[in-house]
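Only one chain is included here, represented as structure tokens and corresponding to the form predicted alone.
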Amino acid sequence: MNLNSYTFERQIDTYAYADVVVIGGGPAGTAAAIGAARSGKKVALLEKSAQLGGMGTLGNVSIFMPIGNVTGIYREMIAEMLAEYLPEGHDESIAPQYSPFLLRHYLNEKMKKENVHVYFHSEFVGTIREGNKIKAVIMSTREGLKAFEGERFIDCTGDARVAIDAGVPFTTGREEDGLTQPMTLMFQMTNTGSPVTPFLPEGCYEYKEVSDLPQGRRLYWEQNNNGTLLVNMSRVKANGAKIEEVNYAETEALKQVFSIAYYLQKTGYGNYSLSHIASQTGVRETNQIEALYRLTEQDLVTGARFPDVVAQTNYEIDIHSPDAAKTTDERKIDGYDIPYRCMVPEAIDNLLVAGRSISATHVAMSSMRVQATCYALGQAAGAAAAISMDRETAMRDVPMNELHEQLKKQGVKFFVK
């Protein structure tokens, strides 16, 4: 069957203007919005769902991976929401398990305090580009298609949707075959205090041994005293930016969740009931933009330092097998810088990309992709966008001394080890 293509034209009204328009309300997007707002800019934060927090809320990835430092907005969040985990110094590592429901509420309140205007149920459709600049983004809203105009735009969609639509080159997955890390549907089980009756729905799998499990291992956390077990054990080979692959992943991952919960109830967690399943399957990797610099495996293993550093981490190389084999490539590293240039597309003057879709190789991305690092990247992007406006300069020409000074004012500290 030959499929047709269409040209779709529509006069679209501008709904709102902001100095800085942030597309995507995950860790990078929320931090970018705060970083720009604290720099004195009017900010619009556009989120396709009903929740801020990205995978931390929508995906129930409700544990922060240890990145070797707790600084900036990420440190504020720990201090205000998880004070019992707050380390004395910024150059320490924590891995707190938290409530995704509390984080959702916390971020809502945080945006109000920071005077960030959040637009929920606003999904990116396309860009309006004039020369080397983006004039507006078109969003699908509850009132139809609307334009949001701005002076600076920050793509925090996770898939580089804005950048790609604007013509920024990109890569997908690992270099040799384009395969991405598999997807996982997170879930929670709760200790009821008494035995529960295990239940395996029709069409699910009966796992009997650890080797039968999708990851070939048991991976979960129960760090708090509220009886909540957070489970990360499903694995589906799929690219989270592809229609049919996501269709498959959402149904296959749910089958795996029920199957894993049944297995756990039969193997040591007989008092635990399945209490919460994330609203969507989590995505580790899709697209990486081509920017002024590409973060590499070599940078990670040699502990690279850059004069335009905007984030630092020592989170391990952590590659869940793109083939969905029951293996994970885990390699400890000492720590490295992520440079500002990884967020700067070459051909667009007023666009930054923050979060997991910055310019990085498949291996490098496996380390920098976690939530705490995305908060750091977002905060830097927001502050840089504001400086770019004040100086009336392209994003690539933001002076690093000014950006570092602004980040320092916002509580960011860098270290060298």
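When you see a residue number, it is the position in the sequence shown, counting from 1. As the structure is a computational prediction, the values presented were derived from the model and not from experiment.
The protein also exists as the form predicted in complex with a small molecule; that form is not presented, and the subsequent description refers to it.
S.K.: Among 239, 256, 288, 184, which has any heavy atom within 4.5 Å of the small molecule in the predicted complex?
M.R.: Of the listed residues, the single hit is 184.
S.K.: Looking at 72, 150, 158, 345 here, can you tell me which has any non-hydrogen atom within 4.5 angstroms of the small molecule in the predicted complex?
M.R.: None of the other options qualify; the answer is 158.
S.K.: For residue 374, is any heavy atom within 4.5 Å of the small molecule in the predicted complex, or not?
M.R.: Within the cut-off, so yes.
S.K.: Using heavy atoms and a 4.5 Å limit, would one call residue 65 a contact residue for the small molecule in the predicted complex?
M.R.: Yes.
S.K.: Would you classify residue 23 as touching the small molecule in the predicted complex, given a 4.5 Å non-hydrogen atom cut-off?
M.R.: Output for residue 23 is yes: heavy atoms within 4.5 Å of the small molecule.
S.K.: Could you confirm whether residue 370 comes within 4.5 Å of the small molecule in the predicted complex, counting heavy atoms only?
M.R.: Residue 370: contacts the small molecule in the predicted complex.
S.K.: Heavy atoms, 4.5 Å, the small molecule in the predicted complex: which of 121 to 129, 197 to 205, 76 to 84, 102 to 110 makes the cut? Say which one.
M.R.: Among the listed stretches, the partner-contacting one is 121 to 129.
S.K.: Candidate spot 134, 169 and 351, all three in 4.5 Å heavy atom range of the small molecule in the predicted complex?
M.R.: Answer is no for this spot.
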